[in-house]
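Taking the form predicted alone, here's one chain by itself in structure tokens.
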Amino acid sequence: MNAAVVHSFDAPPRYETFADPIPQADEILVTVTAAGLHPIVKSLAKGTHYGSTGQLPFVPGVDGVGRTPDGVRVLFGSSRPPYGTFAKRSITRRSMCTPLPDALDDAIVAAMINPAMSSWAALAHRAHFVSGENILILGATGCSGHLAVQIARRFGARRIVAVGRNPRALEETKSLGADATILLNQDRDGLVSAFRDEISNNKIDVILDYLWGPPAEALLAAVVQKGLDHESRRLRYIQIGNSAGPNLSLHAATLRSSGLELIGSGFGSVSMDKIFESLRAVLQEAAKQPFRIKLAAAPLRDVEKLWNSHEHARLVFQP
């Protein structure tokens, strides 16, 4: 079959032939119609994600849209290396298939589902978000961040603060539901002051962080409370992505002087049952009222050429 194949962690996948998957007793064959190029797909292909097996060669892709042998259109997750979703055919377990509402287009689902799931699962299963709470989204200008703003609004957030580096994309978050924005392109003192104003004066309850690294350091510096006579307010910091860096320096006083709770959200910290519960919830919500998302569809044969493109739209490959 035709597929994108990773031969090296230092190079994009190549479009070539790959052995057809043969389903085992608990698996089914899926004919793929669309698969999204998500950050996790790239980091797995680089071997830098904690979920990487380190084995080569393999077909990338963690989820996709396709049809089962009986013709049912499904969202599915690939279940067994070396087969991924960037191929004409893939395999999965029936338990990892979710039928799609007729109202949702294959490419839209492929583009939307992974980034939308990241904030939905974080809010529902890690933050246990309650309607009326206030939220700050660190890294709100990408696809995941734009969807996080919309999802936070649908969860009933009272105040949504969007934070990002791209001025135009940051301005767009206001039409998606953000009440305020903070531009990362400013000096550290000004950035810490802007963060502290939101945390203290507007009483942020939950932070969704897609960036980590230096932006997170500035945000955590704003959490520190001075003096010995103050009441700490609970602040759930949900770490989702690390596009700004994998590490940071955390002062001990940040934890001791505040009500900060550091929580991760991703594969491993959220069970597969909860992830699929989130996926189904996103699909149902999108069928009722579509999310706004920018996507670009391309044939899978162009995967090597487009792999490192940095367009604002989420790229979807169609075999």
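The first residue of the shown sequence is 1; numbering continues from there. Just so we're clear, the structure is a prediction, and the values are computed from it rather than from any experiment.
There is another form of the same protein, the form predicted in complex with a small molecule; it is not shown, and what comes next is about it.
- The candidate spot formed by Leu184, Pro215 and Asn242 lies fully in contact with the small molecule in the predicted bound form, as each residue has a heavy atom within 4.5 Å of it.
- Comparing 247-255, 261-269, 278-286, 22-30 against the small molecule in the predicted bound form, the single stretch with non-hydrogen atoms within 4.5 angstroms of it is 261-269.
- The shortest heavy atom separation between Ser90 and the small molecule in the predicted bound form exceeds 4.5 Å.
- Residue contact check for Arg165: one or more of its heavy atoms lie within 4.5 Å of the small molecule in the predicted bound form.
- Taking the partner from elsewhere, Ser118 is found to have a heavy atom lying within 4.5 Å of the small molecule in the predicted bound form.
- Contact between Phe86 and the small molecule in the predicted bound form is not found at the 4.5 Å heavy atom cutoff.
- Note on contacts: among Cys143, Val109, Ile204, Ala157, the single residue with a heavy atom within 4.5 Å of the small molecule in the predicted bound form is Cys143.
- For the options Leu75, Ile199, Ala127, Leu211, the residue carrying a heavy atom within 4.5 angstroms of the small molecule in the predicted bound form is Leu211.
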